[in-house]
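As structure tokens, one chain now follows by itself in the form predicted alone.
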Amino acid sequence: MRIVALGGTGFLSSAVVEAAREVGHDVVVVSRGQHGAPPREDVTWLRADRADSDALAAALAGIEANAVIDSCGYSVGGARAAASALAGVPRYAYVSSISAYRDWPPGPIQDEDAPLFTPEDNPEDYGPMKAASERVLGGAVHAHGGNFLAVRAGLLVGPRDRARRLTRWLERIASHDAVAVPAELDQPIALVDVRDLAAWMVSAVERGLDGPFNATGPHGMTTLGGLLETCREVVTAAGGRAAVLVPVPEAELLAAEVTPWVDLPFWLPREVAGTAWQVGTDRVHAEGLVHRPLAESLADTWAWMRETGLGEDPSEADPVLMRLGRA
């Protein structure tokens, strides 16, 4: 197959390029070139702004594509541009988000039939933008008789992740003697390795799958405590010294203006944490999404961080413990 990869240089989009090439597909990367080159040289690289329909059409003139994997849709205007230039491609996969669901968070989301944000919601906000982009692209692709795959992705982890979520935890655990963690470590966490999701999307367009899929890990695959202990094991296995975890009650964290998710990634207040990770994934797992062990995802991420220098934190003490007056 010839697959057009919109993006091709970011976290998920570069994994898509790798996955498609690994199984022998011809890949055409379309990006602006502002974030470097694609991850490998055996692809065709076309420079264009995916939000500019004329530029996109001009760049792809003469390219006969069998599928599109769109991993960089961050505006409804970009979706309209891609629909104008690429709706005639018979198989189109768009990376949406579980944020497209109107009631998430807090959830739960039973399955893909849960209500999305509507056209009346503000398309400048992330969730409504993803829902609107699904409608724009899906309507255009189906109008041309093609198959449209809406990949409602959850929390992504893995090498090349610069979002400062998992990487922040690994960095803190490897850099300090002790780090503050929420006392409520039993809250569930669901995530998916970016490489597993990319491989599944390539397989999905090969098979011509159609419709929405909640693409994340199963509810209960681990807990926040399990994730952090695995971070400690990974750091230790690589020859480092892992920090002691210092549990701090939620009330104390909030009183010190420690912000959930921002200061302590993956931590959600108790009234949200119980349901936010309950996203039905039966459909995507029935269609073949598989997950590598969590320890492998974390070990590979930590190895990449050490290679790039991302895991170096020069501060003397954990900043959250310092804010709490416990350092």
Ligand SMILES: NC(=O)c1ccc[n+]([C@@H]2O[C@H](COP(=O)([O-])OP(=O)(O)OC[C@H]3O[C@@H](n4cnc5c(N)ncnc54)[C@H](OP(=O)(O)O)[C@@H]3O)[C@@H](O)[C@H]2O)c1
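One-based numbering along the sequence shown. It should be emphasised that the depicted structure is a prediction, and the values quoted were computed from it without experimental measurement.
Keep in mind that the form predicted together with this ligand is not shown, yet the notes after this line are about it.
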Partner-proximal stretch of 221 to 229, 251 to 259, 84 to 92, 146 to 154 relative to this ligand in the predicted complex, 4.5 angstroms, heavy atom | 146 to 154
Within 4.5 Å of this ligand in the predicted complex, do we find a heavy atom from each of N66, R80 and R135?
-> no
Sole residue of P182, P212, G73, G158 within 4.5 Å of this ligand in the predicted complex, by heavy atom = G73
Hey, in the predicted complex, is F11 touching this ligand, heavy atoms inside 4.5 Å?
-> yes
Is G33 close enough to this ligand in the predicted complex to count, meaning some heavy atom within 4.5 Å?
-> yes
Does any heavy atom of K130 come within 4.5 Å of a heavy atom of this ligand in the predicted complex?
-> yes
Wondering, does D49 line up within 4.5 Å of this ligand in the predicted complex on heavy atoms?
-> yes
Using the arrangement in the predicted complex, list in sequence order the residues of 80 to 103 with any heavy atom within 4.5 angstroms of this ligand.
-> V95, S96, S97
